[in-house]
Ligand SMILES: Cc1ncc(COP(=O)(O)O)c(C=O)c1O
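Shown here is one chain on its own, the form predicted on its own, set out as C-alpha coordinates.
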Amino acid sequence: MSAILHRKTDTVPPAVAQADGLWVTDSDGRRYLDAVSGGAAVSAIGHRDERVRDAILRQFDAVSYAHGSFFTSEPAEELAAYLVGKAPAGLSKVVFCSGGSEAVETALKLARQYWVERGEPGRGKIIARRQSYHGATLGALSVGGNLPRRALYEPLLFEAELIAPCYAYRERREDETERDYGLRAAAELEDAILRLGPETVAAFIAEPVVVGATLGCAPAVDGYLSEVRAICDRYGVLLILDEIMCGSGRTGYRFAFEEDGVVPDIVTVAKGLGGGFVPMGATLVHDRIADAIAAGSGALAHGFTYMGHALACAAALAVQRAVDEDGLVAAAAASGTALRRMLEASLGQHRHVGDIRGRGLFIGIELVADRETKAPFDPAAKLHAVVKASAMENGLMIYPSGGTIDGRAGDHILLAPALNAREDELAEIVARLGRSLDAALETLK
(Lines give C-alpha, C1' and ligand atoms only; values in the text may rest on other atoms or scores of the structure.)
Protein backbone atom coordinates (compact mmCIF):
# COMPACT_ATOMS: atom_id res chain seq x y z
CA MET A 1 0.00 0.00 0.00
CA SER A 2 1.47 3.33 -1.08
CA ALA A 3 1.53 6.23 1.38
CA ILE A 4 1.18 8.59 -1.60
CA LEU A 5 -2.29 9.86 -2.50
CA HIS A 6 -1.93 9.05 -6.21
CA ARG A 7 -4.02 10.63 -8.96
CA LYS A 8 -5.99 7.38 -9.23
CA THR A 9 -6.61 6.34 -5.67
CA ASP A 10 -7.04 2.67 -6.56
CA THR A 11 -3.90 2.46 -8.68
CA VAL A 12 -0.19 2.73 -8.01
CA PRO A 13 1.65 3.50 -11.27
CA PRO A 14 4.87 1.65 -12.16
CA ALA A 15 7.90 2.87 -10.25
CA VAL A 16 10.46 4.57 -12.46
CA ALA A 17 13.97 3.26 -11.85
CA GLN A 18 16.16 4.82 -14.52
CA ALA A 19 16.00 7.01 -17.61
CA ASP A 20 18.42 7.96 -20.35
CA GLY A 21 17.74 9.95 -23.51
CA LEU A 22 14.23 9.06 -24.71
CA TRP A 23 14.06 5.79 -22.77
CA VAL A 24 12.56 5.22 -19.33
CA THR A 25 12.94 1.98 -17.35
CA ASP A 26 10.65 0.89 -14.52
CA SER A 27 11.57 -1.11 -11.43
CA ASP A 28 10.63 -4.35 -13.19
CA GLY A 29 13.11 -3.64 -15.96
CA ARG A 30 10.52 -2.76 -18.59
CA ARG A 31 11.56 -0.01 -21.02
CA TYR A 32 9.30 2.73 -22.40
CA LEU A 33 9.93 5.06 -25.31
CA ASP A 34 9.16 8.55 -24.02
CA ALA A 35 7.17 10.36 -26.72
CA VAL A 36 6.06 13.17 -24.42
CA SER A 37 9.21 14.37 -22.61
CA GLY A 38 8.67 12.83 -19.21
CA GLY A 39 4.90 12.90 -19.45
CA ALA A 40 4.07 16.57 -19.99
CA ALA A 41 6.48 18.18 -22.49
CA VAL A 42 9.07 18.71 -19.75
CA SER A 43 12.29 16.77 -20.54
CA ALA A 44 13.35 19.00 -23.41
CA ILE A 45 16.88 17.59 -23.77
CA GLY A 46 15.98 14.05 -22.77
CA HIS A 47 16.68 12.21 -19.56
CA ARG A 48 20.15 12.42 -18.02
CA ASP A 49 22.71 14.92 -19.23
CA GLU A 50 26.24 15.17 -17.87
CA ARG A 51 26.40 18.93 -18.40
CA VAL A 52 23.34 19.52 -16.24
CA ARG A 53 24.54 17.08 -13.58
CA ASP A 54 27.90 18.83 -13.38
CA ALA A 55 26.22 22.25 -13.09
CA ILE A 56 24.02 20.99 -10.26
CA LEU A 57 26.99 19.50 -8.38
CA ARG A 58 29.06 22.69 -8.78
CA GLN A 59 26.23 24.80 -7.42
CA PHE A 60 25.56 22.32 -4.63
CA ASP A 61 29.17 22.69 -3.52
CA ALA A 62 28.81 26.50 -3.52
CA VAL A 63 25.31 27.23 -2.19
CA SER A 64 21.95 25.62 -2.90
CA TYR A 65 19.54 28.16 -1.47
CA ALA A 66 19.24 31.57 0.12
CA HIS A 67 15.98 33.54 0.32
CA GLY A 68 15.60 36.28 -2.26
CA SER A 69 14.86 38.93 0.38
CA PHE A 70 18.45 38.51 1.59
CA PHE A 71 20.50 37.59 -1.49
CA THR A 72 20.49 37.20 -5.23
CA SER A 73 22.83 34.62 -6.75
CA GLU A 74 25.12 34.33 -9.73
CA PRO A 75 23.12 31.57 -11.47
CA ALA A 76 19.85 33.47 -10.99
CA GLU A 77 21.33 36.64 -12.46
CA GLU A 78 22.93 34.71 -15.33
CA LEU A 79 19.75 32.81 -16.17
CA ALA A 80 17.69 36.02 -16.11
CA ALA A 81 20.19 37.73 -18.41
CA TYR A 82 20.15 34.70 -20.70
CA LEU A 83 16.34 34.68 -21.00
CA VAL A 84 16.16 38.44 -21.56
CA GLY A 85 18.93 38.14 -24.16
CA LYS A 86 16.90 35.57 -26.11
CA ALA A 87 13.62 37.48 -25.81
CA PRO A 88 12.47 40.31 -28.10
CA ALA A 89 13.35 43.86 -27.09
CA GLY A 90 11.17 45.16 -24.26
CA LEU A 91 10.90 41.92 -22.29
CA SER A 92 13.66 42.96 -19.92
CA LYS A 93 12.82 41.61 -16.45
CA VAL A 94 12.31 38.09 -15.06
CA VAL A 95 10.55 36.74 -11.99
CA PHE A 96 11.49 33.15 -11.13
CA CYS A 97 9.32 30.49 -9.53
CA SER A 98 9.03 26.71 -9.23
CA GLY A 99 6.71 25.83 -12.11
CA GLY A 100 4.04 26.77 -14.60
CA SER A 101 1.11 27.36 -12.26
CA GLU A 102 3.23 29.72 -10.16
CA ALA A 103 4.40 31.51 -13.32
CA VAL A 104 0.77 32.17 -14.29
CA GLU A 105 -0.10 33.33 -10.77
CA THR A 106 2.84 35.72 -11.00
CA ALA A 107 1.66 37.04 -14.38
CA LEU A 108 -1.88 37.68 -13.13
CA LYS A 109 -0.65 39.47 -10.03
CA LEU A 110 1.79 41.58 -12.02
CA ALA A 111 -0.99 42.60 -14.38
CA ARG A 112 -3.13 43.69 -11.45
CA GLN A 113 -0.30 45.55 -9.73
CA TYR A 114 0.58 47.35 -12.95
CA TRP A 115 -2.85 48.95 -13.20
CA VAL A 116 -2.91 49.88 -9.54
CA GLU A 117 0.52 51.52 -9.91
CA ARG A 118 -0.81 53.35 -12.97
CA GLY A 119 -3.71 54.76 -10.98
CA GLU A 120 -6.37 52.59 -12.67
CA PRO A 121 -7.49 50.24 -9.87
CA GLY A 122 -10.76 49.55 -11.70
CA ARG A 123 -8.88 47.29 -14.11
CA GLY A 124 -9.15 43.90 -12.47
CA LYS A 125 -10.90 41.64 -14.97
CA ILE A 126 -9.15 38.94 -16.95
CA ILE A 127 -10.25 37.60 -20.33
CA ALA A 128 -9.15 34.07 -21.25
CA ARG A 129 -10.31 31.32 -23.60
CA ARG A 130 -12.43 28.22 -23.42
CA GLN A 131 -10.54 24.93 -23.73
CA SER A 132 -7.37 26.56 -22.40
CA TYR A 133 -5.33 25.37 -19.44
CA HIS A 134 -3.05 27.62 -17.42
CA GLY A 135 -2.31 25.58 -14.31
CA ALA A 136 -3.69 23.92 -11.19
CA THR A 137 -3.59 26.69 -8.59
CA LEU A 138 -6.81 28.58 -7.98
CA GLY A 139 -5.84 31.72 -9.88
CA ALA A 140 -4.57 29.71 -12.84
CA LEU A 141 -7.69 27.52 -12.80
CA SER A 142 -9.84 30.66 -12.75
CA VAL A 143 -8.46 31.78 -16.11
CA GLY A 144 -8.38 28.27 -17.56
CA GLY A 145 -11.09 26.76 -19.70
CA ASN A 146 -10.56 23.11 -18.81
CA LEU A 147 -14.03 22.34 -17.48
CA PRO A 148 -13.33 18.96 -15.82
CA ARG A 149 -10.38 20.40 -13.88
CA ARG A 150 -12.38 23.48 -12.84
CA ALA A 151 -15.64 21.81 -11.87
CA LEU A 152 -14.92 20.79 -8.28
CA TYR A 153 -13.38 24.15 -7.41
CA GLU A 154 -15.84 26.53 -9.06
CA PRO A 155 -16.97 28.07 -5.73
CA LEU A 156 -13.34 29.01 -5.01
CA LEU A 157 -12.48 30.55 -8.38
CA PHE A 158 -12.67 34.20 -9.38
CA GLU A 159 -14.77 35.05 -12.41
CA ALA A 160 -12.94 35.39 -15.72
CA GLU A 161 -14.50 36.08 -19.10
CA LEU A 162 -13.93 33.09 -21.40
CA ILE A 163 -14.07 33.55 -25.17
CA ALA A 164 -13.62 31.06 -28.02
CA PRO A 165 -10.22 29.46 -28.64
CA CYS A 166 -8.51 29.50 -32.02
CA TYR A 167 -9.63 26.01 -33.12
CA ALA A 168 -9.62 25.95 -36.90
CA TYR A 169 -10.32 22.21 -37.30
CA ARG A 170 -13.83 22.55 -35.88
CA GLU A 171 -14.66 26.26 -35.91
CA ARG A 172 -13.44 27.53 -39.30
CA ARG A 173 -16.28 27.71 -41.82
CA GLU A 174 -15.82 26.10 -45.23
CA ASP A 175 -16.20 29.49 -46.92
CA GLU A 176 -13.41 31.05 -44.82
CA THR A 177 -9.67 31.14 -45.35
CA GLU A 178 -7.63 30.42 -42.23
CA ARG A 179 -6.76 34.11 -42.00
CA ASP A 180 -10.40 35.16 -42.24
CA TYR A 181 -11.24 32.67 -39.52
CA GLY A 182 -8.39 33.97 -37.36
CA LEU A 183 -9.66 37.54 -37.62
CA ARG A 184 -13.19 36.40 -36.76
CA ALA A 185 -11.94 34.47 -33.72
CA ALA A 186 -9.86 37.44 -32.58
CA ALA A 187 -12.89 39.73 -32.88
CA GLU A 188 -14.40 37.88 -29.93
CA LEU A 189 -11.75 39.52 -27.76
CA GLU A 190 -12.81 43.02 -28.83
CA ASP A 191 -16.45 42.12 -28.25
CA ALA A 192 -15.63 40.92 -24.73
CA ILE A 193 -13.60 44.05 -23.90
CA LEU A 194 -16.43 46.32 -25.03
CA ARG A 195 -19.02 44.24 -23.19
CA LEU A 196 -17.07 44.38 -19.92
CA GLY A 197 -15.90 47.96 -20.40
CA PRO A 198 -12.26 48.62 -21.40
CA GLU A 199 -11.66 50.50 -18.16
CA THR A 200 -12.31 47.27 -16.20
CA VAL A 201 -10.10 44.84 -18.17
CA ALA A 202 -6.57 44.19 -16.95
CA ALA A 203 -5.33 41.50 -19.34
CA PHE A 204 -6.02 38.81 -21.90
CA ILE A 205 -4.22 35.50 -21.43
CA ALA A 206 -3.75 32.91 -24.18
CA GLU A 207 -1.45 30.14 -25.37
CA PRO A 208 0.08 30.56 -28.87
CA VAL A 209 -0.55 26.82 -29.32
CA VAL A 210 -3.59 25.86 -27.23
CA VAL A 211 -2.21 23.50 -24.72
CA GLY A 212 -1.89 19.76 -25.20
CA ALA A 213 -3.70 18.98 -21.97
CA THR A 214 -7.03 20.38 -23.17
CA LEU A 215 -7.29 21.12 -26.88
CA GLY A 216 -4.43 19.09 -28.28
CA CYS A 217 -1.91 21.53 -29.78
CA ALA A 218 -4.23 23.79 -31.79
CA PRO A 219 -1.94 26.55 -33.13
CA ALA A 220 -2.91 30.16 -33.70
CA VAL A 221 -3.73 30.55 -37.39
CA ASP A 222 -2.23 33.25 -39.58
CA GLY A 223 -3.23 36.71 -38.41
CA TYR A 224 -4.91 35.67 -35.16
CA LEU A 225 -2.30 36.76 -32.62
CA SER A 226 -1.32 39.89 -34.51
CA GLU A 227 -4.97 40.96 -34.47
CA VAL A 228 -5.19 40.09 -30.77
CA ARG A 229 -2.12 42.28 -30.14
CA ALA A 230 -3.72 45.16 -32.06
CA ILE A 231 -6.98 44.85 -30.09
CA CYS A 232 -5.12 44.81 -26.76
CA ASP A 233 -3.21 47.92 -27.78
CA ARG A 234 -6.41 49.65 -28.89
CA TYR A 235 -7.95 49.35 -25.44
CA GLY A 236 -4.83 49.37 -23.27
CA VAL A 237 -5.25 45.72 -22.24
CA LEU A 238 -2.14 43.73 -21.30
CA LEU A 239 -1.37 40.64 -23.39
CA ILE A 240 -0.15 37.62 -21.42
CA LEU A 241 1.08 34.69 -23.51
CA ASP A 242 1.40 31.34 -21.75
CA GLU A 243 4.30 29.34 -23.19
CA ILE A 244 4.68 26.90 -20.32
CA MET A 245 4.13 23.91 -22.60
CA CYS A 246 4.78 25.27 -26.10
CA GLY A 247 7.80 27.49 -25.32
CA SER A 248 11.54 27.00 -24.71
CA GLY A 249 12.22 25.93 -28.30
CA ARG A 250 9.57 23.22 -28.61
CA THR A 251 7.83 24.74 -31.65
CA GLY A 252 11.08 25.41 -33.50
CA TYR A 253 11.29 28.96 -32.16
CA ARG A 254 12.82 30.00 -28.83
CA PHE A 255 9.48 31.63 -28.01
CA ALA A 256 6.45 30.26 -29.85
CA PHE A 257 5.00 33.76 -30.31
CA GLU A 258 7.96 34.71 -32.54
CA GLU A 259 6.41 32.69 -35.35
CA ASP A 260 3.33 34.94 -35.07
CA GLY A 261 5.32 38.18 -35.16
CA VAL A 262 4.01 39.59 -31.87
CA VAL A 263 5.55 40.61 -28.55
CA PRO A 264 3.47 40.12 -25.39
CA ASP A 265 3.56 42.30 -22.30
CA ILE A 266 4.11 39.23 -20.11
CA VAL A 267 5.14 35.69 -21.06
CA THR A 268 5.26 32.60 -18.85
CA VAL A 269 7.70 29.72 -19.33
CA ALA A 270 8.39 26.52 -17.38
CA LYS A 271 8.60 22.77 -18.22
CA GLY A 272 11.34 22.87 -20.87
CA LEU A 273 13.08 25.68 -18.99
CA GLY A 274 14.38 23.30 -16.32
CA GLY A 275 14.09 20.26 -18.55
CA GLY A 276 12.71 18.14 -15.72
CA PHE A 277 16.02 18.18 -13.85
CA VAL A 278 14.60 20.72 -11.39
CA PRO A 279 11.19 22.34 -10.80
CA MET A 280 11.54 25.68 -12.59
CA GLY A 281 9.37 28.43 -14.02
CA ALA A 282 9.73 32.07 -14.99
CA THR A 283 7.64 35.08 -15.92
CA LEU A 284 9.18 37.58 -18.33
CA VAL A 285 7.93 41.13 -17.98
CA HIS A 286 7.94 44.09 -20.37
CA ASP A 287 9.72 47.32 -19.51
CA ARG A 288 6.47 49.26 -19.21
CA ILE A 289 5.30 47.03 -16.37
CA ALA A 290 8.60 46.96 -14.50
CA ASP A 291 8.97 50.74 -14.94
CA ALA A 292 5.47 51.41 -13.59
CA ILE A 293 6.22 49.40 -10.44
CA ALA A 294 9.60 51.08 -10.02
CA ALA A 295 8.09 54.55 -10.43
CA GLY A 296 5.18 53.72 -8.11
CA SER A 297 5.49 51.65 -4.96
CA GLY A 298 8.95 50.45 -5.88
CA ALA A 299 8.17 46.97 -4.56
CA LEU A 300 6.90 43.74 -6.10
CA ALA A 301 3.73 42.86 -4.18
CA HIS A 302 4.28 39.14 -4.66
CA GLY A 303 6.69 36.39 -3.69
CA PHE A 304 7.37 32.67 -3.30
CA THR A 305 9.83 30.96 -0.98
CA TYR A 306 11.80 29.40 -3.82
CA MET A 307 11.97 32.36 -6.21
CA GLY A 308 15.41 32.34 -7.82
CA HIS A 309 16.49 29.11 -6.11
CA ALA A 310 20.23 29.09 -6.83
CA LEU A 311 20.61 25.38 -7.57
CA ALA A 312 17.48 25.30 -9.73
CA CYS A 313 18.65 28.34 -11.71
CA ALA A 314 22.07 26.74 -12.26
CA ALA A 315 20.42 23.60 -13.61
CA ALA A 316 18.03 25.53 -15.87
CA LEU A 317 20.88 27.63 -17.22
CA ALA A 318 22.78 24.43 -18.06
CA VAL A 319 19.70 23.07 -19.85
CA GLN A 320 19.37 26.22 -21.94
CA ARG A 321 23.06 26.26 -22.78
CA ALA A 322 22.77 22.63 -23.87
CA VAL A 323 19.87 23.61 -26.13
CA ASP A 324 22.15 26.21 -27.74
CA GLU A 325 25.24 23.99 -27.93
CA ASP A 326 23.31 21.19 -29.61
CA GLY A 327 21.26 23.43 -31.91
CA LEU A 328 18.03 22.01 -30.54
CA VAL A 329 15.68 24.87 -31.46
CA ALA A 330 16.46 24.35 -35.13
CA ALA A 331 16.41 20.59 -34.54
CA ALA A 332 12.88 20.84 -33.14
CA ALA A 333 11.73 22.55 -36.32
CA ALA A 334 13.35 19.93 -38.58
CA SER A 335 12.35 16.96 -36.43
CA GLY A 336 8.82 18.32 -36.14
CA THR A 337 8.54 18.37 -39.93
CA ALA A 338 9.86 14.81 -40.09
CA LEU A 339 7.49 13.59 -37.38
CA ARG A 340 4.49 15.22 -39.06
CA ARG A 341 5.46 13.57 -42.34
CA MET A 342 5.67 10.16 -40.66
CA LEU A 343 2.36 10.64 -38.87
CA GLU A 344 0.61 11.70 -42.06
CA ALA A 345 1.99 8.66 -43.88
CA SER A 346 0.98 6.28 -41.10
CA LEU A 347 -2.22 7.79 -39.72
CA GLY A 348 -3.24 10.57 -42.08
CA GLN A 349 -5.89 8.40 -43.73
CA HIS A 350 -6.81 6.43 -40.62
CA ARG A 351 -10.60 6.34 -40.38
CA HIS A 352 -10.50 7.49 -36.76
CA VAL A 353 -7.89 10.25 -37.08
CA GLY A 354 -9.57 13.58 -37.78
CA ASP A 355 -6.72 16.07 -37.49
CA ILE A 356 -2.94 16.09 -37.05
CA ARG A 357 -1.83 19.55 -35.95
CA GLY A 358 0.70 21.55 -33.99
CA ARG A 359 4.09 23.16 -34.43
CA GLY A 360 7.58 21.70 -34.21
CA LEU A 361 7.77 18.84 -31.72
CA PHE A 362 4.42 19.76 -30.17
CA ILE A 363 1.84 17.74 -32.06
CA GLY A 364 -1.77 16.82 -31.38
CA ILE A 365 -3.82 14.06 -33.02
CA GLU A 366 -7.58 14.43 -32.69
CA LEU A 367 -9.48 11.14 -32.75
CA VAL A 368 -12.97 10.90 -34.22
CA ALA A 369 -15.64 8.26 -34.62
CA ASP A 370 -16.30 9.50 -38.17
CA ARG A 371 -13.80 11.41 -40.33
CA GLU A 372 -16.44 12.86 -42.63
CA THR A 373 -18.72 14.35 -39.96
CA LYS A 374 -15.95 14.86 -37.35
CA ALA A 375 -18.29 13.19 -34.84
CA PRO A 376 -16.43 12.30 -31.62
CA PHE A 377 -16.49 9.01 -29.80
CA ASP A 378 -18.93 8.54 -26.95
CA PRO A 379 -17.27 10.20 -23.94
CA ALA A 380 -18.36 7.25 -21.80
CA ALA A 381 -15.94 5.05 -23.73
CA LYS A 382 -12.98 7.09 -22.37
CA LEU A 383 -11.03 6.33 -25.53
CA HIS A 384 -8.12 8.52 -24.44
CA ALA A 385 -7.62 6.42 -21.30
CA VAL A 386 -7.84 3.18 -23.29
CA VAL A 387 -5.24 4.49 -25.75
CA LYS A 388 -2.88 5.44 -22.91
CA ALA A 389 -3.15 1.97 -21.36
CA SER A 390 -2.60 0.36 -24.75
CA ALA A 391 0.46 2.54 -25.39
CA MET A 392 1.99 1.63 -22.02
CA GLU A 393 1.49 -2.03 -22.90
CA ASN A 394 3.43 -1.31 -26.10
CA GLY A 395 6.21 0.43 -24.18
CA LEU A 396 5.24 3.93 -25.29
CA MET A 397 4.60 7.05 -23.19
CA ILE A 398 2.06 9.45 -24.73
CA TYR A 399 -0.28 12.12 -23.33
CA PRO A 400 -3.92 11.47 -24.30
CA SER A 401 -6.78 13.61 -23.02
CA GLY A 402 -10.57 13.73 -23.25
CA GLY A 403 -13.02 16.61 -23.50
CA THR A 404 -11.15 18.05 -26.48
CA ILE A 405 -14.15 19.75 -28.06
CA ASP A 406 -16.07 21.23 -25.13
CA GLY A 407 -14.72 19.75 -21.91
CA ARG A 408 -16.85 16.65 -22.27
CA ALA A 409 -16.70 15.18 -25.79
CA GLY A 410 -13.65 14.54 -27.93
CA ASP A 411 -10.33 12.70 -27.57
CA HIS A 412 -6.80 13.56 -28.62
CA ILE A 413 -3.22 12.38 -28.24
CA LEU A 414 -0.30 14.73 -27.52
CA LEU A 415 3.20 13.95 -28.76
CA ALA A 416 6.10 16.06 -27.50
CA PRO A 417 9.36 14.08 -27.62
CA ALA A 418 12.65 15.58 -26.49
CA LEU A 419 14.10 18.17 -28.84
CA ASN A 420 17.11 15.91 -29.49
CA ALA A 421 15.05 12.89 -30.56
CA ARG A 422 16.69 10.95 -33.40
CA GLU A 423 14.83 10.16 -36.62
CA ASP A 424 14.84 6.42 -35.87
CA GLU A 425 13.29 7.14 -32.48
CA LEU A 426 10.59 9.26 -34.11
CA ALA A 427 9.87 6.42 -36.53
CA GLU A 428 9.58 3.99 -33.62
CA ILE A 429 7.19 6.36 -31.82
CA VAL A 430 4.93 6.41 -34.87
CA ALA A 431 5.05 2.62 -35.28
CA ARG A 432 4.22 1.95 -31.62
CA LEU A 433 1.50 4.61 -31.65
CA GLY A 434 -0.18 3.02 -34.65
CA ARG A 435 -0.22 -0.39 -32.98
CA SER A 436 -1.45 1.10 -29.71
CA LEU A 437 -4.28 3.04 -31.35
CA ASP A 438 -5.48 0.05 -33.32
CA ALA A 439 -5.37 -2.16 -30.22
CA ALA A 440 -7.34 0.41 -28.23
CA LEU A 441 -10.00 0.71 -30.92
CA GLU A 442 -10.27 -3.07 -31.10
CA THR A 443 -10.81 -3.12 -27.32
CA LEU A 444 -13.72 -0.67 -27.68
CA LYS A 445 -15.38 -2.92 -30.25
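Start at 1 with the first residue shown and count on from there. Bear in mind that the values here come from a model prediction, so they are computed numbers and not experimental data.
The discussion below concerns the form predicted together with this ligand, not included here.
State the residue from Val285, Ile244, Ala256, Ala318 whose non-hydrogen atoms include one within 4.5 Å of this ligand in the predicted bound form.
By the 4.5 Å criterion, the partner-contacting residue is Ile244.
Identify which of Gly364, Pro75, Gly135, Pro219 has a heavy atom within 4.5 Å of this ligand in the predicted bound form; exactly one of them does.
By the 4.5 Å criterion, the partner-contacting residue is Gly135.
Quick one: is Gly100 in contact with this ligand in the predicted bound form, heavy atoms, 4.5 Å cut-off?
It does: once this ligand is placed as it appears in the predicted bound form, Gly100 has a heavy atom within 4.5 Å of it.
Would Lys271 count as a contact of this ligand in the predicted bound form, using a 4.5 angstroms cut-off between non-hydrogen atoms?
Judged by the heavy-atom cut-off of 4.5 Å, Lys271 is in contact with this ligand in the predicted bound form.
Go through 370 to 378, 298 to 306, 334 to 342, 244 to 252 and give me the stretch that gets within 4.5 Å of this ligand in the predicted bound form, heavy atoms only.
Heavy atoms within 4.5 Å of this ligand in the predicted bound form occur in 244 to 252.
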